[in-house]
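First, one chain by itself: the form predicted alone, in C-alpha cells.
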C-alpha cells in the first residue's frame, strides 16, 4: 500500500494517535478530514472500548466506526521495549502525536514529551487530560460527564428555576476534541514558521469552562451564582421551543428588534412590535413569560415544518425540533455534504458524519474506520522499511500483531 494523497490543507502531515474512547479519536478524525494521514496505534491485548462495547465484531462496532473514518490502524504491543522502539521509529517520521491516555501512562511507557522529542525534536505533541498535565488535580482522570460537571457546564443545563439535569454525554468529548484539534493546528503553523515544535497541554475541564465564560466572570466580579434558565437567552427574546400541531415543537430565536418586528408581522400582530411591554430587548426580557405565552398560542395551531420555512424566509432563526431519524433524513444536511458515504476494508458502504466545514481545497473522504491492524504492512514496511521477514519475526515474538 502506498501513501494515499487525499488533498486538503494537511496533505503530507502524518499524525500518530495514542488515544482511547472519543475525545482523543475526535482529534484524529478532524485532522484526517483536513487531509492528514492519521495512524492509530492499537493492540488486540488492549482494545479501545469503542471497539468492544455491545458488539461481537470489533471491526464493525458503531462507536468506533463513527469517530475513526479515514484513519489507518497498526498493531503494536506497547508492553514491550521493542514495541515502544517501533513507535519511536514511527514518530521520527511523523509530525503530530495525540495522546489521551491515563495520567502518567505515557511517561511509564517512555512516550512522554521529552522522550518523544529525542526521536523527533520538532514534534507537535498534543496531550489531553481532564485537568491537563500540571497542577494538584492533574492525577485525576474521567469521561465526558465528569468534564461537563467539573467545568461548570452541567450546572447551567436544566429547566428554568430547577436543578441541573446534566447534558448530552458526547458534547464534552467533541468540544474537548475540537479545542485540542485547534491547538494542534496552531502549533503546526508555529512549527512551519519557526521550525520549533510545541507541547500542547489541553484540559477538558478548562475547555468546558470556556463555554460559560460569562457565568464565571459574573461570579468572579459580582459573586453571582447563575442557575438553570431552560431555553432562555440573555440577549434574545423570544428564545425558546414552542408547541405546534401533532405534538411537534419549533425552536425560535429572535436576535434583535428588527427580527422581533418581522415575527410580530408573521403572527398577524404587528402592533406587538411597538407595544411598551415588547418594543425593546429589555422590555421583552422583563415580560418574557407573557411573550412566550403569546408565541406559544400562535404556534400551537401551525405545522412545525411549514412554520419554520416561513419564518426562515422572514430572516428569523427557526427550526422544527428533530429526532435522530429526522436528522438523518434531512435533505438539507445531505445536500451540504454533512453525511458522507465511505467504504470499509471489506468493501461495505457505510454512512458517516462528514466535516462541519466546506473549503475549496477539501480532502477526499471515502474510507471508513480501519479494521484492527489493517495497515500493518504499510506502516511497518513502507514507512519503517522493515522487510517481510522482519515483520514476520515481529509477529512471531508478539511485538506486532
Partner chain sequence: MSALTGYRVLELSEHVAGEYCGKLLADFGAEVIKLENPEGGSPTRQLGPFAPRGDDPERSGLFAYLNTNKCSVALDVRRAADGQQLDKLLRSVDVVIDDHAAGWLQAVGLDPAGLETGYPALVLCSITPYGQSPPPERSHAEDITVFHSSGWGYHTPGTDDPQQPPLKGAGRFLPSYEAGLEAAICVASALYEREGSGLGRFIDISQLQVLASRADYVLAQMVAGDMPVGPERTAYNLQGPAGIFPCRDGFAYIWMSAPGHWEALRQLLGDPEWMTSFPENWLERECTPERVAQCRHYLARWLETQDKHEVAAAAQQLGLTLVAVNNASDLVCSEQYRYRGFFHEVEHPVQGSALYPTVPYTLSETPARIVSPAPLLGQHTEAALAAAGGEL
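Rigid core: the largest C-alpha set superposing within 1.5 Å between the two forms. Just so it is clear, the model here is predicted, and its values are computed rather than measured. Numbering follows the first chain given and starts at 1.
This next part talks about the form predicted in complex with the partner chain, which is not shown.
query = So in the predicted complex, does residue 267 come within 4.5 Å of the partner chain, heavy atom to heavy atom?
reply = Contact check for residue 267: no, nothing within 4.5 Å of the partner chain in the predicted complex.
ask   = Does at least one non-hydrogen atom of residue 346 fall within 4.5 angstroms of the partner chain in the predicted complex?
value = Taking the distances in the predicted complex, the answer for residue 346 is no, it never comes within 4.5 Å of the partner chain.
request  = Give a yes/no on whether residue 88 approaches the partner chain to within 4.5 Å in the predicted complex, heavy atoms considered.
outcome  = Residue 88 lies outside the contact set for the partner chain.
key: 4.5 angstroms heavy atom contact with the partner chain in the predicted complex for residue 143   = Yes, residue 143 is a contact residue.
request  = From the candidate stretches 282-290, 70-78, 267-275, 163-171, select the single one in contact with the partner chain in the predicted complex, where contact means a heavy atom within 4.5 Å.
outcome  = Careful reading of the contacts points to 163-171.
ask   = Which residue, 178, 84, 105, 115, has a heavy atom that falls within 4.5 Å of the partner chain in the predicted complex?
value = Checking each option against the partner chain in the predicted complex, the one that comes within 4.5 Å is 178.
ask   = in the predicted complex, which of the listed residues (294, 253, 262, 101) lies with a heavy atom within 4.5 Å of the partner chain?
value = Checking each option against the partner chain in the predicted complex, the one that comes within 4.5 Å is 253.
ask   = Considering only 302-323, what residues come within 4.5 Å of the partner chain in the predicted complex, judged by heavy atoms?
value = Heavy-atom contacts to the partner chain in the predicted complex: 309, 312, 315, 316, 317, 318, 319, 320, 321, 322, 323.
request  = Using a superposition on the rigid core, decide whether the Cα position of residue 82 changes by 2 angstroms or more between this form and the one not shown.
outcome  = The answer is no, as the C-alpha of residue 82 shifts between this form and the one not shown by less than 2 Å after core alignment.
request  = Please check if residue 255 moves between this form and the one not shown, taking a CA shift of 2 Å or more relative to the superposed core as movement.
outcome  = Where the cores coincide, residue 255 still shows a C-alpha shift between this form and the one not shown that is 2 Å or more.
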